[in-house]
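For reference, the chain that follows is the form predicted alone, supplied as C-alpha cells.
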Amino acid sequence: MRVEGKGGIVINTIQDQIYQAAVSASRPLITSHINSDGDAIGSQLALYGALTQLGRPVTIINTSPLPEVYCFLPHAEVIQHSESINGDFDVVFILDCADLNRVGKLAIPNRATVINIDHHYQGELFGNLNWCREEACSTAELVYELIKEWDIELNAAIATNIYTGILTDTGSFHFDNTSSQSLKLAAQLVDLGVNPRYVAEQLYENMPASTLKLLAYGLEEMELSAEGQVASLVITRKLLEQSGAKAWETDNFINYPKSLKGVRVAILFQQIGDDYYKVSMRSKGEVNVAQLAQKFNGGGHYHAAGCRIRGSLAEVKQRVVDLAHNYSAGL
C-alpha cells in the first residue's frame, strides 16, 4: 500500500484526512476516467450516496457519456456528461484513474483539494491526498473501506454500486485479482441488500441486438498469430455503423478471443478516430500485459491493460501483435 500526500509526505491517517476534506467541502465533485467502466461508475455512485448522507451537495461529471448498461444502478441519473466543469468546486474526488490525463478534457479547478482513489499498477500519486492500493481488486473496494467508517448507513443502493464495481473489475470473479477478501466483501454486500441475480442480468443478459450483430462482424475477421498464442479482434467505425451499435457495446468482446484454447494474449483494436485506435489487452498465465501496454504509454493490471495508438490499422496491429508475440514467448 502506498499512502502519500502531495510532495511525498507520508500520511498515516489517510482515511481520516479524506473524511475531514469530505465533511468540510462546500461543493464536492466526483469524476473518473474517460470511457468509464463498471468499477468507475459503481465507485462514483457509491461515494455519491455516502457524501449525500453527510449532507454534501455532490456533483458527478464525466467526460464520456454514461454507458447504457449501467443505467440500472441506483442514482445513475445524477451523472452528468460534459467536457468542461462549471462550478466553484472545492474538493474533487478522482476515482479509478492511473494518471490525471485519464480524466480527459476536464480542467480541475486550481484551488480544489484533489483526492485520488485508485488501485492501478504503478498509478501516479497526483492528488493532494492519495488512497491508492494496487492489491485491491477494484477502486470500489477502496471506496467501501473508506466510507464504512463514516457516520452513514451502508444501504442497499451503496452496496449495489460497490458490488457492481467489484463484479466487473474481477471479470465476474474470473480474474486473478479475485481474492478471499473480495469474495468476503461480496458476501457482506449481499447481506446489505444486493441482489446478485438482478445485477448479473442487467450487466450480462440485457444487451441490445446490435451488440450480437457487431460481435458477429468482429469474430468473422478474428485473427490468430504466434502459433495460436495471440488472438485479435478489430472493431472499426464502419462496423459500428453497419451494426447500429455504440462504442460501449464492445466492453466484453475481448473475452471471446481470450477464451480460446492456447491463446495467451487477446487484443481488441477499436477505432476511435482517423488512424487512432484504442487497444485493449487481456492475458492468461504469466504474460504481463500491463508492461506491454506501457511500451505504448498505456497501463493497467497484470492480466488486463490497454493503451491508445495513432497510425494506420495495419501499422498499429503489427506493432502490438509483434510485441505481444514476444511477451507470450517469454522474451
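A residue's number is simply how far along the shown sequence it sits, counting from 1. If you're wondering where the values come from, they're calculated on a predicted model, not measured in any experiment.
The same protein also exists as the form predicted together with adenosine monophosphate (AMP); that form is not shown, yet it is the one meant from here on.
Student: Would I14 sit within 4.5 Å of adenosine monophosphate (AMP) in the predicted bound form, counting heavy atoms only?
Tutor: No, no contact at 4.5 Å.
Student: Residue-level contact is defined here as any heavy atom of the residue lying within 4.5 Å of adenosine monophosphate (AMP) in the predicted bound form; does N62 satisfy this criterion?
Tutor: Although adenosine monophosphate (AMP) is absent here, N62 would stay clear of it in the predicted bound form, with no heavy atoms inside 4.5 Å.
Student: Does the 4.5 Å heavy atom contact test between G38 and adenosine monophosphate (AMP) in the predicted bound form come out positive?
Tutor: It does not: once adenosine monophosphate (AMP) is placed as it appears in the predicted bound form, G38 has no heavy atom within 4.5 Å of it.
Student: Going by a heavy atom distance of 4.5 Å, is G306 a contact of adenosine monophosphate (AMP) in the predicted bound form?
Tutor: Flag for G306 set to yes.
Student: Picking from 24-32, 47-55, 279-287, 64-72, which part of the chain touches adenosine monophosphate (AMP) in the predicted bound form when contact means heavy atoms within 4.5 Å?
Tutor: Result of the contact check: 279-287.
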